[in-house]
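Given next, in structure tokens, is a single chain: the form predicted alone.
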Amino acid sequence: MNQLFNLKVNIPEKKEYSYDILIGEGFFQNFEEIVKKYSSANKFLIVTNETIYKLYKDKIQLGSSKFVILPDGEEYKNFENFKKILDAAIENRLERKDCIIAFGGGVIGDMAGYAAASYMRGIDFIQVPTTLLSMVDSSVGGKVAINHEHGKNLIGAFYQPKVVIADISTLKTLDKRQLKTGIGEVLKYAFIEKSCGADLNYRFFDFLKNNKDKIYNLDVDTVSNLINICCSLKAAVVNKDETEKGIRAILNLGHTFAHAIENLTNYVVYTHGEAVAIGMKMAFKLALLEKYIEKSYYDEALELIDLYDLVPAFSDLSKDDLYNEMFLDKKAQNGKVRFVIPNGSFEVGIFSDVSKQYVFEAMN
């Protein structure tokens, strides 16, 4: 007869956790001082890519730091490079009180964060985003992951950084296409603002409509304000739903389409922001077909996306392949694809009972 042991484990409620997001210029002049304010680590492992390392290796030195230099590109966010980070952590004998620093864009942040979450069940993690995309999105909120051959970000965790250090001087090294890929995520916040539940009304749609030239010219005050608004809106959502059990899914407007597009094109045809811009156009078309929004708002939204010239010529992908790929999306539940689509001006909802015919029409 088997004996049943009834072991009771009492776990106190998770304490609230907050961290600073530093936005501005000049942080690299006293980088070590800033980092050590937020982490008491003795050893630092700085994860970056080849491009960023060449530009900034002399500006981000820490007394006892080591570098892991990875290839540059979404197609490298995989098991092989994730293992390189863990191998370096082991080789350099990082301990539980030590720290991994992500210095780069979203790919680096995701991989380094997942390594920090996994190594010794979690060590300190600091985000230093160097692209607009990572500053307004991936560096904030604690999502860390790697890709699988069958889907984007399928393997990962929720793991919050100690601090986010966004020095906007790094944006000056981006080419126009990489700057635009960040704008793809930026525009998303204008369309979801009312659903975020932030304390302030930023009127972000109007801000973006009126400041295109200043944004593309990297005016310091304008871009700092833009990043602050995006991070504030995202924080308002994450504070309500850290692990995406509900409202946090609204941050994925356009992403159900976008992730399927990226995966089918092996992450080399479109940047993430371009795919999101295409996906948002499809989401708005789906919302219009389902009669969730008025034609006037649909026209306004597409006009803003077109104002920033984000969407390249869209190659013909099989609609069946695109649709089937969506079932691997992390938001899928009970065998149904869930779409984040507009359901009012600057509001979105999460819907699973949408017409397949309309989804196919939205892909045009």
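Position 1 is the first residue in the sequence shown; the rest follow in order. Not measured: the values here are computed from a predicted model.
What comes next is about the form predicted together with a small molecule, which is not displayed.
Item to check | Among the candidates 195, 134, 263, 256, the residue which, in the predicted bound form, approaches the small molecule to within 4.5 Å (heavy atoms) | outcome: Contact check passes for 134.
Checklist entry - Taking the small molecule in the predicted bound form as the reference, which of 232, 211, 153, 92 has a non-hydrogen atom within 4.5 Å? => result Looking at 232, 211, 153, 92 one by one, just 153 meets the 4.5 Å heavy-atom criterion.
Next on the checklist: For a quick test of understanding: in the predicted bound form, does each of 200, 281 and 343 have a heavy atom within 4.5 Å of the small molecule?
Outcome noted: No, the candidate spot makes no contact with the small molecule.
Checklist entry - Among 212 to 220, 283 to 291, 123 to 131, 82 to 90, which stretch has residues with heavy atoms no more than 4.5 Å from the small molecule in the predicted bound form? => result Among the candidates, contact is made by 123 to 131.
Checklist entry - Should residue 225 be counted as a contact of the small molecule in the predicted bound form, where contact means heavy atoms within 4.5 Å? => result Judged by the heavy-atom cut-off of 4.5 Å, residue 225 is well away from the small molecule in the predicted bound form.
Checklist entry - Would residue 161 sit within 4.5 Å of the small molecule in the predicted bound form, counting heavy atoms only? => result So residue 161 does not count as contacting the small molecule.
Checklist entry - Heavy atom to heavy atom, is residue 107 within 4.5 Å of the small molecule in the predicted bound form? => result Residue-level check for residue 107: yes, a contact with the small molecule.
Checklist entry - Would residue 55 count as a contact of the small molecule in the predicted bound form, using a 4.5 angstroms cut-off between non-hydrogen atoms? => result The answer is yes: residue 55 has a heavy atom within 4.5 Å of the small molecule.
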